[in-house]
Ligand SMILES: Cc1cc2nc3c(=O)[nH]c(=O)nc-3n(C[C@H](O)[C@H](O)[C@H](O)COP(=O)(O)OP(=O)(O)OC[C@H]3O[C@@H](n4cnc5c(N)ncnc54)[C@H](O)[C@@H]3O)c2cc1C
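Only one chain is shown below, in structure tokens, and it's the form predicted on its own.
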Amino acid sequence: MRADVAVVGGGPAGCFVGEALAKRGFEVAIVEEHAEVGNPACCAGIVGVDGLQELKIKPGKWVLGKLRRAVFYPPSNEPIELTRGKVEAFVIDRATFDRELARKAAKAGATLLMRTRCVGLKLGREPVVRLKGGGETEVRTRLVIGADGPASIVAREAGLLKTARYLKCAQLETIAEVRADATELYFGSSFAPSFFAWLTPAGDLCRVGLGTSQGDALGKLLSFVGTHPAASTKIQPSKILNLCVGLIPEPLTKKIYADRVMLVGDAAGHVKPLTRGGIYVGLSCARLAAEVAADALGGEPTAKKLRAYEQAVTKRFGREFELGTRACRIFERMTDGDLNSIFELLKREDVQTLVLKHFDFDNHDKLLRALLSKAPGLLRSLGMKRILKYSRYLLKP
């Protein structure tokens, strides 16, 4: 089989970039290893309302719920609720959402190769994507786009995985007593070091998950469900289903292009640094990838031409990635006592007002810049020891 573009991975970013290029008249083949797009999916499935509008995606039957508030549980387990009283995000059915994007790609003219796995690449002037499981044994193409997740075989074959970093995550669905319009976030080094756990209502079920930089994510999740003083009282452990584990990429830890190769979505590490949510950022960057690819395919899609993709991503999300990563470095070094002190600040009316004024579900850099501008005063209330501990990360250029 021959195609102008071979997209490896039929998830949201892969289908989005595939649709965009097919609409421009290019022959596009999307390679998907599973029998059905959207399954399996290990994702909290939260997307911002404004982000979807920006991407021109209208809410459909895949919307399971609407979130108006967040409830934070620091290690002290004294909950803090924040809300502006409006719908900030949708909880979605990832399988249905993914299939809608796949249908749009097919309608635009892309060919979907289902139950077909990429097992390797042969790179050169005419890249060859080697396949297993479908009717085709290979796709000869001009450009390969890796949309095949955090452990991307495209990234590995193209030598783009050398510095990649990840969090381990686990999630299950269950019956739980949670407010239909609230997501709950739990912090504590015993179950989610360097990250957090979540309870998110998704229709009749609740998604319960966590990320961790250390140890066994699934073991930590099951322990959290069974023993956390607050969360365990809300969850029915006998009703656990749809258990999954996976990796959450860290942004800015891999190169996203090479000669005749581009990466999108989780394969490129295109996630929000603070929450690691990847749908909005992944689709936004996939749109940028399509624009650069279309221009490059007017000639030879060499690395020199594809560098414009990285430049476009940096222009759009560079500040978000840089400030978010800096904040994450501080968070990773916080003890539970530090976290309790930070959340004590969040109880203050002036801090809540600042957060609610500048919060943007899909663009955290606005809030981070506002917090950085107030950092000297906020840090003073935390004490000199903590000021010295974190100041070098706040001042890092």
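Residue positions are given as counts along the sequence shown, with the first one as 1. Note that the structure is a prediction, hence the values are computed from the model and not measured.
The form predicted together with this ligand is left out here; the points below concern that form.
- The candidate spot formed by A22, I256 and V313 lies out of contact with this ligand in the model of the complex, as no residue has a heavy atom within 4.5 Å of it.
- Note on contacts: among P127, G149, G188, G324, the single residue with a heavy atom within 4.5 Å of this ligand in the model of the complex is G149.
- Residue-level contacts in the model of the complex: of A231, I248, L288, A89, one residue has a heavy atom within 4.5 Å of this ligand, and it is I248.
- Contact annotation for G18: none of its heavy atoms lies within 4.5 Å of this ligand in the model of the complex.
- A residue is said to contact a partner when one of its heavy atoms sits within 4.5 Å of a partner heavy atom; G265 meets this definition for this ligand in the model of the complex.
- Within 4.5 Å of any heavy atom of this ligand in the model of the complex lies no heavy atom of C206.
- At the 4.5 Å threshold, heavy atoms of V31 reach this ligand in the model of the complex.
- Only one listed stretch (69-77, 305-313, 173-181, 150-158) carries heavy atoms within 4.5 Å of this ligand in the model of the complex, and that stretch is 150-158.
- Residues from 4-35 that approach this ligand in the model of the complex with a non-hydrogen atom closer than or equal to 4.5 Å are V8, G9, G10, G11, P12, A13, G14, V31, E32, E33, H34, in the order they occur in the chain.
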